[in-house]
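Taking the form predicted alone, here's one chain by itself in structure tokens.
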């Protein structure tokens, strides 16, 4: 196909009196070919210096889809005028007779052209005619555009303002003979082969010249995302402090491990579909440690371990619901239960992975993000141990000034919000949440009464945005991320 187009184009240039083709669009029509295919041949011949090319720009107005409807059915202003009887009609009745877009657009246009008026003297506004008859000028103008005719500038501007026409632009080319013009293209050989040497055909071949100044292709090696760089630093800090990483490969959790095992009541707002992504298939799980489930049910309903409980009827059906985990603390609950069953021994755990919450997306929130969580499990731990551990952890992040504020969490008591002073931003900011896991959560697992667990959590995205000067989370995580940012961002080094 391309060879036929090329031969026809070169032959027409050879036969032309002035050695040119005035318009490639007319040529494409004459040879019954798509103009885009003709353009491909033209660019190839131009690169071979067989032809010269000159751009020709074209433009014309075309109808929008809305205008196509007006062209066949008439403009909304005429429809509205025709719907107004001689003695007038209330505005409410008029709008009820016409579709919303016709009544709104038509009323606005008819008022501007002073075909109708709004009479408010009678109390309820009435639409009355100001002229006896009208001509559908808009429909006539659209018909002229559809026929390819030019409109006066004022009329065209009015139709553009109403978004009834738009400017369609395209480009064709004037083609003339080039320095190496011939009616047949002589293909250049790109390499010298052994067959050419053996037959001697290389003597009559024209070889494509080598460009020794051209740059080679850059290596397509991968690049670490800023989130992965910061995550690597967090992991090194935890490992240096003697923590063991928890397995976090189960994004789907049951409500039992995500909520119930954490002593979070079943009527808690976090369990609402507006806050949590619930699965429809499979919608429920039923593989729970039954003895543990019974103890969790009892502490929710009647309390225990120094607690009065919540005093409601705990439902297994609520605990069975599957969801996308809302926090990695669901993983912590599994690990602590496993630790209790295997025989308690002091442990330090951490995790860094994705969690999911049904939140409105804006510059600081996404429906999925990363949670960093650390916990220490040992006998006799106190709030003082938690504060000291947090100070050590955040000092290794380079944030040495901390403040703590009392807070409430269903599964920690006492609980504290963590605030750190950011030298990059020059202000105090919330950097995490922390607390001591409640006995109502730990002892049903089978952990000894004198065992306490201190824990804290923070996001991965917020410190990464501060470190890399990113003010919109959608520029850091998701489909809008710039690949050039990923390739060019600096190495992350924290105060290890």
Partner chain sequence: MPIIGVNRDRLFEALGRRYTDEEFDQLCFEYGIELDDVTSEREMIRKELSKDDASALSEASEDVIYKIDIPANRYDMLCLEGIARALNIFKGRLEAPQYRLADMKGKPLLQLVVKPETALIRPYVVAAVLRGVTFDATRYTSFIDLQDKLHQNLCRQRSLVAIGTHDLAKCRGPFSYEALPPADISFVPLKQTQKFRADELMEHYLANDQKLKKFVPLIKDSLVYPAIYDADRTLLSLPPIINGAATAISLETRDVFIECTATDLTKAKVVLNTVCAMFAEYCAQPYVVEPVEVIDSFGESHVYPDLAPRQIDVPLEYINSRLGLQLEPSTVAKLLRSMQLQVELSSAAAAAADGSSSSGPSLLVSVPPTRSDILHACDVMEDVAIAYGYNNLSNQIPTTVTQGRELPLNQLTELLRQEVALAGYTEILTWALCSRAENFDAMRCPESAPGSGAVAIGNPQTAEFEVCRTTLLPSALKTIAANKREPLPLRLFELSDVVLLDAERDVGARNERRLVAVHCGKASEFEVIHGLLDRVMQVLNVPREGSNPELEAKLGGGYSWAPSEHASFFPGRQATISACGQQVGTIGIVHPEVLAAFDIEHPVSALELNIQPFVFDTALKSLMHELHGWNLVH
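Note that the coordinates shown come from a computational prediction; the quantities given were computed from them, not determined experimentally. Residue numbers count along the first chain shown, from 1.
Not on display, but discussed next: the form predicted in complex with the partner chain.
Mapping the unseen interface onto this chain, residue 309 counts among the residues with a heavy atom inside 4.5 Å of the partner chain in the model of the complex. Residue contact with the partner chain in the model of the complex: residue 372 places no heavy atom within 4.5 Å of it. Residue contact with the partner chain in the model of the complex: residue 213 places no heavy atom within 4.5 Å of it. Taking non-hydrogen atoms only, residue 481 approaches the partner chain to within 4.5 angstroms in the model of the complex. Shown here without its partner, the chain carries 7, 29 and 208, none of which come within 4.5 Å of the partner chain in the model of the complex through any heavy atom. Only one segment in the set 91-99, 397-405, 185-193, 137-145 has residues whose heavy atoms sit within 4.5 Å of the partner chain in the model of the complex; it is 397-405. Taking 348, 130, 180, 163 one by one, only a single residue has any non-hydrogen atom within 4.5 Å of the partner chain in the model of the complex, and it is 348. Just one of 316, 235, 174, 363 comes within 4.5 Å of the partner chain in the model of the complex, counting any heavy atom, and that one is 235.
Scanning 420-441 for heavy atoms within 4.5 Å of the partner chain in the model of the complex gives 436, 438, 439, 440 in sequence order.
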